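A lone chain, given as structure tokens: the form predicted alone.
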């Protein structure tokens, strides 16, 4: 696709956590193998800006890599050090420069994804709340870091607030969005049935209404398959750690009601998902989309016609799973959402029956549609997940039988691989399952997966359970989904602290303990992405990126290389990251990447002493 967008001429700035906190106070608080949302080429102005920023922020980019946000007092705390001659490290308190710890560095090892020889500094024994720096002879000081009891509260709030910033069909008012206010776009009240979705009851061209929902990624389209795992992960974060969210105030339009804000935010997308079900037969449309990606414009400037495209088995099962889970999670809020829990369960059952009657209708991209495909030719995992959620909510053993648990293993979830979402729901609800459930099997599935992930951490010179094959499109979500599975397993057995520590290391990786020295969450950390591939962040005229979004992360596939005038700094798996708007393969954002950030930051905040 040729570039038809306005070149990005934004200047770059770095937002510290302190600066971001002021934004949150003011505001209240392409995943997987999806095709690129644009092929926008960068301009020389970006390269010039990037060069000047690199020079002016040299002091912020240290050779000591650690979590730039900080740690809970009892968390495992590791830093990565280049393999210099020094054998010891020192941690000092910034308030008075007093030495609080002198420790030994580990032996040097090479981490294959970065081809770096490094040592580890373990300063876990420091538990006192405060601000610190770490020093190694021959390198100098690290960036300062904090130990705090509320270490991840602001991060969690920012990660959820990012979903608000990606809402469709509504204006973002200054009251809630601060400087990121914007006009309403994509009302969703005039959507055409595409020829691929036409039926007798709804022929091609029929106009239907499906407002609300979240923009999927850096583009302005909405996809049921990716909404499935994203919405579920927010719901699971609440279901697993409800008390954490009950007092959280994100300053979104619904904050004054009696419902926790994470559920209020999820509801914005759930209402759209409900409108994506054909009321005539229970099948669910795969996506609501324009025929091609828009330019890099604000939502109100994209006035292309929008279409509901093809019903498909995967989308219908994802819908069934999410609605079954939502039915039980929103049941206590009947006074705010009267009748909704019942409506959701009815919708879930209807979708499940449609899928059983149409078990192999796979999404095929129509010739006149070029937006994200999210096509999935294997729906065994979707059937298992939907059956698990319906079983938990209804207590009907028929669904447990449909799950075929003995044949379903556990792995790290992704939009096209969702079977493990059923396992973590079953694990959380163990005490309320019927006698049909094999509770030992449920626990074992998570335990085996967690043990496998921990083994990767043990073998890693960086102390993170990531290997070359984990560096794919959206690699940061691979890291966080591993952490989510570890934390679900740890919740079943709190004696297995290696699960908790491995999850901590994965969050540390995302927040700066990585070879690029980026904290990959916009606005959170010392060095954060300034030019994410995200239309509102690019077109709003405000320097830097809207805060709270997780960049996709290193991706040696570099599928956008031909479209970027700025070169990637490296081809190595863990270094193949480009902070440039052109880089949809490494620097786009997506709702299914932010969702595990919400889960993991909340779970570590709750589970770590």
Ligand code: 9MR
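This one's a predicted model, so the numbers in the text were calculated from it and none came from an experiment. Numbering follows the first chain given and starts at 1.
Keep in mind that the form predicted together with this ligand is not shown, yet the notes after this line are about it.
For the options 508, 219, 382, 389, the one in contact with this ligand in the predicted bound form, meaning a heavy atom within 4.5 Å, is 219.
Residue-level contacts in the predicted bound form: of 293, 214, 238, 399, one residue has a heavy atom within 4.5 Å of this ligand, and it is 293. Residue heavy atoms within 4.5 Å of this ligand in the predicted bound form occur in exactly one stretch of 400-408, 174-182, 277-285, 528-536, and that stretch is 528-536. At the 4.5 Å threshold, heavy atoms of residue 462 stay clear of this ligand in the predicted bound form, well away from it.
Taking non-hydrogen atoms only, residue 563 approaches this ligand to within 4.5 angstroms in the predicted bound form. Mapping the unseen interface onto this chain, residue 473 counts among the residues with a heavy atom inside 4.5 Å of this ligand in the predicted bound form.
Taking the partner from elsewhere, residue 577 is found to have every heavy atom lying beyond 4.5 Å of this ligand in the predicted bound form. In the predicted bound form, the residues of 563-599 lying within 4.5 Å of this ligand by at least one heavy atom are, in order, 563, 584, 588.
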